[in-house]
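For reference, the chain that follows is the form predicted on its own, supplied as structure tokens.
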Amino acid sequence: MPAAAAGTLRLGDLTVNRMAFGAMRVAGPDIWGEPRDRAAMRKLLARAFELGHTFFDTADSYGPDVSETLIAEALHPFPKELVIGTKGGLVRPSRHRWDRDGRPEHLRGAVDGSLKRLRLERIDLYQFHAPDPSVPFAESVGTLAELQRAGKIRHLGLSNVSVRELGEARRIATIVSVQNEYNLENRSSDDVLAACEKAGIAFIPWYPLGAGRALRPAKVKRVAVRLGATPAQVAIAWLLARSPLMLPIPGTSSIAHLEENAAAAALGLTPDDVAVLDG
């Protein structure tokens, strides 16, 4: 279980391995529609768990609906060690659109849809996917808090939020995770990460490899050569070293890349390596 080498962290009362798996790319091209080979994606999801990924990140917008459905097909009934985190609040009216919808009625339906597709009675972690500028943020978060009290959600998280929005949400409900874009080449959420560290909240960096951008700098390649690793492994190891509350979720549709990424959990960066990468 190479993914276990990075240690664990807490999501509320749940413990997961810090090397997690993002299930966005098991859907079709552009995260739209069915994958070309459903059986291959089910095999990949099963392999991700075998490798020690005990937290899977997904969302109803991935497909839409495809990623959640495939996770259930591949792994239900879920092993007790596996924690599923999903998200709602983005809708996909077409292949290249990701529209925000934080209306209470939409979120209620989204949670019920995720429960059905994942074959669950309660979702371990449900994250509000993105604030909707046309709906008061407190109204959206409050709706999810109501659904948590109703027993449909175990823990609540947020995605694509500012420090101010995190603070506002914490006045409404207990927040156990924040998922913002973060990688070697995009550290614009450093302030949100710091707020999460202060509050003991897990930070889930989406696009942990920056869609490949984090692999290109010469400094990443130099460290990779020195360690006998790949640039992707170095970029993931940097995230793990950046904060004990970091929960990277690299995703892929390739078992070879999945295994490569999992091995990053055991890659030990020296302080000098971190300094080079931070520069």
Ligand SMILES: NC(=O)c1ccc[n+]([C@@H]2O[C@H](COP(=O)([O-])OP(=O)(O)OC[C@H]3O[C@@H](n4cnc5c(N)ncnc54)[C@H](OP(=O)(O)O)[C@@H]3O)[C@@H](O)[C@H]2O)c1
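Note that residue numbering follows the sequence shown and begins at 1. Computed from a prediction, not measured in an experiment: that's the story for all the values here.
Another form exists, predicted in complex with the ligand; not displayed. Remarks below refer to it.
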Query raised in the report: Considering 75, 209, 118, 147, which brings a non-hydrogen atom within 4.5 Å of the ligand in the predicted bound form?
Result: 209
Query raised in the report: Thinking of the ligand in the predicted bound form, which stretch from 221-229, 250-258, 45-53, 32-40 has heavy atoms inside 4.5 Å of it?
Result: 250-258
Query raised in the report: Using heavy atoms and a 4.5 Å limit, would one call residue 57 a contact residue for the ligand in the predicted bound form?
Result: yes
Query raised in the report: Hey, in the predicted bound form, is residue 215 touching the ligand, heavy atoms inside 4.5 Å?
Result: yes
Query raised in the report: Taking the shortest heavy atom distance, is residue 160 within 4.5 Å of the ligand in the predicted bound form?
Result: yes
Report task. Answer with yes or no whether residue 179 is in contact with the ligand in the predicted bound form, where contact means some heavy atom within 4.5 Å. Result -> yes
**Report entry** Residues of stretch 16-45 in contact with the ligand in the predicted bound form (4.5 Å, non-hydrogen atom)
**Finding:** 22, 23, 24, 25
